[in-house]
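Take a look at this single chain in structure tokens; it is the form predicted on its own.
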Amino acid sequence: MAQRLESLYRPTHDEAARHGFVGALKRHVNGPMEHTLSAHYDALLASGGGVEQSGVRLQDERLFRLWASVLYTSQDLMWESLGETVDRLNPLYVERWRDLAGRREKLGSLQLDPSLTIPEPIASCEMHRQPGGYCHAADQDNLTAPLAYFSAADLYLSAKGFGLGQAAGTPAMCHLILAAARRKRPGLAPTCVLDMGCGPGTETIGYRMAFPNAEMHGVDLAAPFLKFAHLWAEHQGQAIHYRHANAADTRYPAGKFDLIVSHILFHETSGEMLPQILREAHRLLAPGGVLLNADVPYQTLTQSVPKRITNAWQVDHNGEPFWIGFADTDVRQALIEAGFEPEEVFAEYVPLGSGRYFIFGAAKKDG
């Protein structure tokens, strides 16, 4: 190809300016505005109201309604502004996808399953209010859904100060997970790695680059995302094998992997699916293998009342149906019930920028 795919993802001057505005607005509403809400709750509490009463009062305050309306609008603006870039670039990516699909020689592979049953909430929910959801495709070659998600991830990383000056799609979050993996297993050198819920595959490439001698696999429910991931990997010169499958039933043989990773998979599943995915991960790990997951750091018992209120709003109004369900889950206990030994299980917060992130997982006992 005359151009690498990352060089094709280049918003115009005006598109980039709109993206920058939306990023700044999101940074403001999720930062200073939430801090102001928290201070206002403290004032309500100090005025004589109890914890529950002050929380109810906070939701009736104009300040809370302003925060909610700005956040809701910022999400609309994000998808609208990114949509201009996505609509412009989609034909270019589709052209390259069709070229790749017609090639006989490929570095990696892609297995699609048209009969795959998509579970809830992915089947019907527009996660993060992404128009059409993850599995939407106007036709079989359309890559609008993964391009929109890819674009949003790039916007969020830039808004939070990560990835600035780097090409769009540069792996970022994988480094957080890899650092945790090496703390748990110094000298970790897996021979076979699985990225569960790999999405558009940008982070999967990061794992492949970290372990160039390992066999690399990725699974996801969304066929359009996997097409994009396969395309992205091939044009990056990376041999990655993608499979269209449910993380709860991957159809890989038992003990195949010695490292399994995921990023923001679990808060987008359900209370029914979460334990099934953990049991599948235990089945797939070889003895001594490691499971590592990174997800949103909003576990209920660690959060202030105002943060619990804003998290609940995300469930009701921002395409996050399992946000609170995941936050309420005792992942340590869930891992133990999935078959991991208690002494091998961990769940902890790690620093990320000015905040922190939630890392949890386990090692599978040897023998």
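Bear in mind that the values here come from a model prediction, so they are computed numbers and not experimental data. All residue numbers refer to positions in the sequence shown, first residue = 1.
The same protein also has a form predicted together with a small molecule, omitted here; what follows describes it.
Engineer: Which of these stretches, 67-75, 264-272, 209-217, 251-259, has heavy atoms within 4.5 Å of the small molecule in the predicted complex?
Structural biologist: Every other range fails; the passing one is 264-272.
Engineer: Suppose contact means a heavy atom within 4.5 Å; in the predicted complex, does that hold for all of Y134, Y149 and A245 with the small molecule?
Structural biologist: Checking in the predicted complex: Y134, Y149 and A245 are all within 4.5 Å of the small molecule.
Engineer: Looking in the predicted complex, any heavy atom of C198 within 4.5 Å of the small molecule?
Structural biologist: Taking the distances in the predicted complex, the answer for C198 is yes, it comes within 4.5 Å of the small molecule.
Engineer: I'd like to know whether F225 contacts the small molecule in the predicted complex, with contact meaning heavy atoms within 4.5 angstroms.
Structural biologist: It does: once the small molecule is placed as it appears in the predicted complex, F225 has a heavy atom within 4.5 Å of it.
Engineer: With a cut-off of 4.5 Å between heavy atoms, is L110 one of the residues that contacts the small molecule in the predicted complex?
Structural biologist: Residue-level check for L110: no, no contact with the small molecule.
Engineer: Though only this chain appears here, would L89 touch the small molecule in the predicted complex if you measure heavy atom gaps against 4.5 Å?
Structural biologist: L89: no contact with the small molecule in the predicted complex.
Engineer: Looking at L231, V290, I277, L155, which has any heavy atom no more than 4.5 Å from the small molecule in the predicted complex?
Structural biologist: None of the others qualify; the residue that does is I277.
Engineer: Using a 4.5 Å cut on heavy atoms, which of A168, C192, I122, A180 is close to the small molecule in the predicted complex?
Structural biologist: Flagged contact: I122.
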